[in-house]
Ligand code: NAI
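First, one chain by itself: the form predicted on its own, in C-alpha cells.
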Amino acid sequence: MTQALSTHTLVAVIGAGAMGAGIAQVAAAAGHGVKLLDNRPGAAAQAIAGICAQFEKMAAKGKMSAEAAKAAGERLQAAEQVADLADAGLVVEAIVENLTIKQQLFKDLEAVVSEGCILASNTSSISITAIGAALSKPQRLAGLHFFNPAPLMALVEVVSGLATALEVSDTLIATAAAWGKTPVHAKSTPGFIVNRVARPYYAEALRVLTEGGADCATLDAVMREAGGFRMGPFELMDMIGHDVNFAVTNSVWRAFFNDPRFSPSLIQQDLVDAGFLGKKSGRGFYNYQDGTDKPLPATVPALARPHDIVVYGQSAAALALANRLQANHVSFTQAHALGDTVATAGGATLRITDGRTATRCAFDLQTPNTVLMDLALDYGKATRLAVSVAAQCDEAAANSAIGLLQAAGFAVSQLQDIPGLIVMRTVAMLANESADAVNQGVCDAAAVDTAMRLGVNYPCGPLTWANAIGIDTVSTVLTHLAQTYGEDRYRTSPLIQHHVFVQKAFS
C-alpha cells in the first residue's frame, strides 16, 4: 500500500493567493515544513502572517493547542525564487489559470528539484495531460485540486494525466488523507469531477428561467426547501461570480467540442456583459445594494382544504403525504396503488412529474384534471413543493390539489407548465452526467457521489439519489425531456440505459 509523504518532506506552494495560502496552511498544520513562493514582492510573507493569525484564532477557540499553533506557524517560510525550492519533495502550483504560464513554471521546477520530487497543480480546469506535455518527466505531475477555502473544505480531487505514474497519484491520495482531507481520484478530462458534474445544477435552472417557468427567488426556494440543497442555483451563481461561473461553463463546453449538454446560457452571458457579476459587483440575479430586500418566492395563498382526499399506494411520496396529513389532523382515506397516482381530491389527480408537462400527461393519460408535483429529497421533511397544472385542468380541481398539499403542511409554488419542473429535471441531469463520468472512466461511482457531497455540498450523491428514486424513473424523465426539446442535451447515459435493462431483465 502506498504511503503518504513523511512529515519530514518539505512542501513548496507556489502562489500566495487565497488558494495557495490555504494549501500552505493545510500542509503546515499537518506537520510539514512549507515554503511559500509568489512573484509579487512581499505577498508570501503577508500570506504567512495571515496563516499564523489563523492558527492563533484556532488556538483561541480550542481547535488546536497554543503550542501546536506556534509550531505550525514556525514551519512556514517565504521563498524568493524557484531556485529556493530545490529541497522540496512536493511542489503544489496554485497560480493563474493559464496553460502556457503553468507549463513554463513546471519546466523551471524540473531544472531545480530532485528526481523524486512530486509536482502537482491545483488547476480546476486545465488538462493535467496538457501541462505535462511540456515536461521531460510528465509521469511525476498530477493534479491536486483543493476547494476554496482549502483549510475548511474536505474534498481534494487527485487528477491523473495521461502520463501520470500510478505511484504518484497513489502517494498524493494517501498524503491528502493524512492531511485530513477526503481525496477522490479522477482522470484528467474537462472539469474533472465536480466542475463537470455540477454544470446541470446551473444549466437546468437557467433553462427554466429562460422559458419563464418561474422567477429566480421561487426556483431557489424550491431547490432549497424541496431539493435540500444548501443554496439555490441563482444564489450560488451570484456568490461564485458570473464571470467565474460562465467562464467554467464555457471552458467545459469548448473542451467537449461544444457538446449541447454543456451549452452556456445567454442570460448569464448578458449578466457578464453588463458587469452584473453577483455579490462582488452588487448586482447579479439579485440586487445586493444597501437597502434592497431580497424578493420572496411565489407562494400560492391558502386555499380551502378539500374533504375527499384519497392517498394511493406505498410510494415514498404517498407514505409521507399520509403521515403529514395525519399529523395535521386532516381526514383522508388510503387505497391500493393506482398507477403513478399519489393522491386525488376534488376531481384532481396528483402525480409526481416524469419529465412530461402536466398538459401532455393529462392528454396521454386522459385525465384532464392533472396536477404534477416536483421531486423532494424527503417528502416528510420538505417545507415547500413546486407544482404545475395541466391546461385542461379546471380551476376548482387545481385548487383542491394545491389545498391538499397545503393541508399537509407544504408551502406550494405553482410553476408554469414546464417539463420536469425544477428539482426532478435537475437531479435527473446531475445523475445522468455522473453516470457518464463513471461510464467514461473518469472516476468510480463512489468518487462522484463523494465529490458532489463534499465539493459543492449537495445533500445526496447524484447516483445515490438516482438509486433512491429509481434508475428507471431517471431514465423516463430524461427520455421525456429529450422528446420535448428534441435536443441531444438530454440523451440518456449508456450506463443508465444499461442498469434499466438489467433491472427489467431480472425483474
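Since the model is a prediction, treat every value here as computed from it, not as a measurement. Each residue number is its position in the shown sequence, starting from 1.
Just so it is clear, the following notes concern the form predicted in complex with the ligand, a form of the same protein that is not shown.
K.L.:
Heavy atoms, 4.5 Å, the ligand in the model of the complex: which of 258-266, 94-102, 175-183, 287-295 makes the cut? Say which one.
P.N.:
Stretch 94-102 is the one.
K.L.:
When you measure heavy atoms, are 213, 351 and 388 every one within 4.5 angstroms of the ligand in the model of the complex?
P.N.:
No, none of 213, 351 and 388 comes within 4.5 Å of the ligand in the model of the complex.
K.L.:
Using heavy atoms only and a 4.5 Å cut-off, determine which of 379, 410, 106, 146 is in contact with the ligand in the model of the complex.
P.N.:
Contact residue from the list: 146.
K.L.:
Let me know the one among 169, 400, 123, 432 whose heavy atoms come within 4.5 Å of the ligand in the model of the complex, would you?
P.N.:
For this set of options, the contacting one is 123.
K.L.:
Looking at the partner-bound form in the model of the complex, is residue 10 within 4.5 Å of the ligand by any heavy atom?
P.N.:
Residue-level check for residue 10: no, no contact with the ligand.
K.L.:
How about residue 39 - does it come within 4.5 Å of the ligand in the model of the complex, if we only consider non-hydrogen atoms?
P.N.:
The answer is yes: residue 39 has a heavy atom within 4.5 Å of the ligand.
K.L.:
Within a 4.5 Å heavy atom cut-off, is residue 496 in contact with the ligand in the model of the complex?
P.N.:
Looking in the model of the complex, residue contacts with the ligand do not include residue 496, since no heavy atom lies within 4.5 Å.
K.L.:
Going through 1-22 from first to last, which residues have a non-hydrogen atom within 4.5 Å of the ligand in the model of the complex?
P.N.:
14, 15, 16, 17, 18, 19, 20 sit within 4.5 Å of the partner.
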